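We begin with a single chain expressed as structure tokens, specifically the form predicted on its own.
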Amino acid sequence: MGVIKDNPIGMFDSGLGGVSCLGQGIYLLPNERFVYFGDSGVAPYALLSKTEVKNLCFNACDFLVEKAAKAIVVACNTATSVALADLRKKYDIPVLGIQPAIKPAVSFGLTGKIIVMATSMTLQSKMVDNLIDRYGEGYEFVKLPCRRLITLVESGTIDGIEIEGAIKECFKDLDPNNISTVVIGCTHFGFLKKAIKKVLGNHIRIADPNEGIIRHLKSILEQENLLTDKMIDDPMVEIYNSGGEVFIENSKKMLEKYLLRIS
């Protein structure tokens, strides 16, 4: 039948983190349908080889194509850095990848260190270095892997004492007074903006790529005449997860919390 306007937008992530991107999609594109796949059964991708990550990305995209996705958002920085170019070669629908919000962080024009929070694989990728080289002249960047935070978010923990303690541990070697901006370089951390500010201080600006990728998605869908013409009252979302029902239920709970925070 081919791609039609009323088909869903597909999204996938290594786990629950991309639910933050899904929430932004529902918020900015309220009439669209979405199908989300989280790969929590093998998360985190950052501990795997690049070949393994690519294969998992192809599997996720194949699944979303089977669900008739009209476009796919790779809502995982690690997957984007490793597999986006290859995914675009294979699929004949728009495939977009998220990346750390380094350009928005620089646009704030603030003095002080810019902290890029991401997985080790993302931080070691050419993607991050290229973004810093392109936009970051004159700014001091610190790459900060925070693996434990990803594990906590995967368990459904996105606020409270345990998360705040993990953030403190992650930033223990940095003086918050010397930090101007925190870049979200992993969609898992999109749930932690409130907690990050609570720990580091309200003077911290947070650069989150979710809004930017969804606005770019909207632009692509408009260009391809793929935006739906239908009006719906409630979000139409299907959520799947390789980790099973517990992760699906946690995804739904986290999506609800995210939408409450941005509405």
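Since we're looking at a predicted model, the values are computed, not measured. Each residue number is its position in the shown sequence, starting from 1.
One more form of this protein, predicted in complex with a small molecule, exists but is not displayed; see below.
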Please run the contact check for C186 against the small molecule in the model of the complex: heavy atoms, 4.5 angstroms, yes or no?
yes
Does any heavy atom of F37 come within 4.5 Å of a heavy atom of the small molecule in the model of the complex?
no
Quick one: does P235 come within 4.5 Å of the small molecule in the model of the complex, counting heavy atoms only?
no
So in the model of the complex, is the small molecule close enough to A46 to count as touching (4.5 Å, heavy atoms)?
yes
Among 167-175, 101-109, 130-138, 75-83, which stretch sits within 4.5 Å of the small molecule in the model of the complex, heavy atoms only?
75-83
